[in-house]
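Next up: a single chain in structure tokens, the form predicted on its own.
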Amino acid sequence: MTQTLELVATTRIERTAARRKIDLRPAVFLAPFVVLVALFTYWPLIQLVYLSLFKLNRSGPDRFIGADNFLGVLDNAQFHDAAYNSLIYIFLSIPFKVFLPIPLAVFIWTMGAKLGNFYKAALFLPTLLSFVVVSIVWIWMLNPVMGLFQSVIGPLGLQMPSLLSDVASAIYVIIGVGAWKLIGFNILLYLAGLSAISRDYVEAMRLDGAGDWVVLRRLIVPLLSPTILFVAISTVVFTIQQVFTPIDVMTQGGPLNSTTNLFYLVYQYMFESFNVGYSAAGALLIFLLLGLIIAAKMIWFEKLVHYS
């Protein structure tokens, strides 16, 4: 009896020791990734915070100035224009980059393989082009003197307006160019989400007498909602960054700051004005602004997303 109790106690001790033993193999596999993320993401972010709170001094130690860089950026009228334009870029890009690709993807999804592949290639082709090339081509097409559109409407006695020189229209041209280039990528994302939807569900709804609109609204959109959430968040995060090249090539932020945005303003602070503190403070403000918008979207969209 005593030997049995000792054996049971020994077995329990060995099991407890085995449970307490830490398996370091997952940490070894994750270590390279963690090091890279820390080195190229979190360390630059720490440096950004440092630069936003100090005034750099080439001849001596950096001087701590607290929130002066942030106050200087926020008091700048150009920052107000850039922030307003950034919100326009984000919210007007959502209909073109988030909602419009849905019916286009569904349309391609219902086609045969050959015809569907043709439309995929045609719509995705602009995504493969450089934004610089796309911007230059659109500058030529919109040229009111010798552009493509002018050569088409000129014989009709019409004059192409100077859209890129007009304060009221320049920003919408930038938004349109960005949406034209990137819409094909989001269509492919939606097609990937649609591939997980069984066509048997569609046929079952058809047998019950459901029309195209009912199938789209009651079946496809709910099942596609996780992909829609991903596309919406990526659109918010990357829109003001993606339009940087069209702004720089087509308008340089003009006319009268009507097309500049926060991302382009940070670039101007850094590489034109050489104001490192303002540039760092502006970058952190972009980070906070996008974080707030994404958090609001997550709270709102999570109620509408169906994961099963």
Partner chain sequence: MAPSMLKLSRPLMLVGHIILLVTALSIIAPLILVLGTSFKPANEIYGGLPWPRKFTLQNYYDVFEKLPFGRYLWNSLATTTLRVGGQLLIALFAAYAFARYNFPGRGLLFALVLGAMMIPPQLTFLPIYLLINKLGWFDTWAGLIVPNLAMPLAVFLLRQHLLAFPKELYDAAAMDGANELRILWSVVLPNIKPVMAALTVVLFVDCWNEYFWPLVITETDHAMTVQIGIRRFLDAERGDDLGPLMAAVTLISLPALAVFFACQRQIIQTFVSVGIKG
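Whichever C-alpha set is largest while still superposing within 1.5 Å between the two forms counts as the rigid core. All values reported here derive from a predicted model rather than from experimental measurement. Residue numbers count along the first chain shown, from 1.
The form predicted in complex with the partner chain exists for this protein as well; it is not shown, and the discussion that follows is about that form.
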item: Exercise: residue 300 in contact with the partner chain in the model of the complex, heavy atom 4.5 Å; value: no
item: Close approach of residue 150 to the partner chain in the model of the complex, 4.5 Å, heavy atom; value: no
item: Interface membership of residue 201, the partner chain in the model of the complex, 4.5 Å heavy atom rule; value: yes
item: Residue contact check: residue 138 to the partner chain in the model of the complex, 4.5 Å heavy atom; value: yes
item: Contacts with the partner chain in the model of the complex, stretch 251-270 (heavy atom within 4.5 Å); value: 263, 266, 267, 270
item: Cα displacement of residue 238 between this form and the one not shown reaching 2 Å, rigid core superposed; value: no
item: Rigid core fit then residue 122 CA moved by 2 Å or more between this form and the one not shown; value: no
item: Exceeds or equals 2 Å, Cα of residue 95 between this form and the one not shown, core fit; value: no
